[in-house]
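Okay, here we've got a single chain as C-alpha cells, the form predicted alone, with questions on binding and movement later.
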C-alpha cells in the first residue's frame, strides 16, 4: 500500500493557483511551487503529472471558485440589469483594490501562454464564451422584462462587455493608471444605459 497523502489536494491547488496568478507560468519554478504548496517534488508530480498539469488544475480551480464568485450572479435565472451593473462597477473600481495588479489568472494566461500552450488557448476560449453567455443571460432577462429597447443588440452587447472586461484585466496587470480602467468601465455603463428603457417608457406589464 502507498503512503497516505499528507496534504489536501484543493488546498495545495489553491496555493499553486495564487502563485501562478501572482507571478505567471514561466516565472514560477517547480521549487517555488513545492515551497508554496508545502509538498516535495515527488508529491507534486505524483498528484499532477507535471508543472503543466498542475497549472491546468490551478486554472480549473480558478474557474470554479474565483470566476463563480465574480460572475455567479449573472448566471442566476433572475439575473438582470442590477447584476450587470454590479459586475461592471466592481471591476471598474478594482484598480483601487489591494492585489489588483494580479489582474485575472485566465486573462494573464491568454497573453502569456495562449499562442503556444493548447490548454491555455482552450481555457481562454472557454473563459470568453462563459463571459458572453452570462452577460447574454442577464441581458435577455432584462429584455423579457421590457427593460431594454426593442432593438437592443443583446449578442453584440454581451461580446462588448466581455471584451472590455478582458482589456481591463490586462491593464490592471500592467498597472496602467487606474483612471484609465475607470474611464473604460464608465463608457461601458454609458453604452448599457443607451439601451435601457426608462421606467416611464416601459410598456404596461403583461397580464
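Positions refer to the first chain, counted from 1. Quick caveat, the model's predicted, so the values are computed rather than measured.
The form predicted in complex with another copy of the chain exists for this protein as well; it is not shown, and the discussion that follows is about that form.
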item	value
Triplet 16, 33 and 64 all within 4.5 Å of another copy of the chain in the predicted bound form via a heavy atom	no
In the predicted bound form, segment of 135 to 143, 65 to 73, 154 to 162, 41 to 49 with a heavy atom within 4.5 Å of another copy of the chain	154 to 162
Exercise: residue 57 in contact with another copy of the chain in the predicted bound form, heavy atom 4.5 Å	no
Non-hydrogen atom contact residue 184 with another copy of the chain in the predicted bound form at 4.5 angstroms	yes
In the predicted bound form, residue 167 touching another copy of the chain (heavy atom, 4.5 Å)	yes
Residue 88: touches another copy of the chain in the predicted bound form, heavy atom cutoff 4.5 angstroms	no
Contact set, 122 to 139 vs another copy of the chain in the predicted bound form - heavy atom within 4.5 angstroms	124, 128, 132
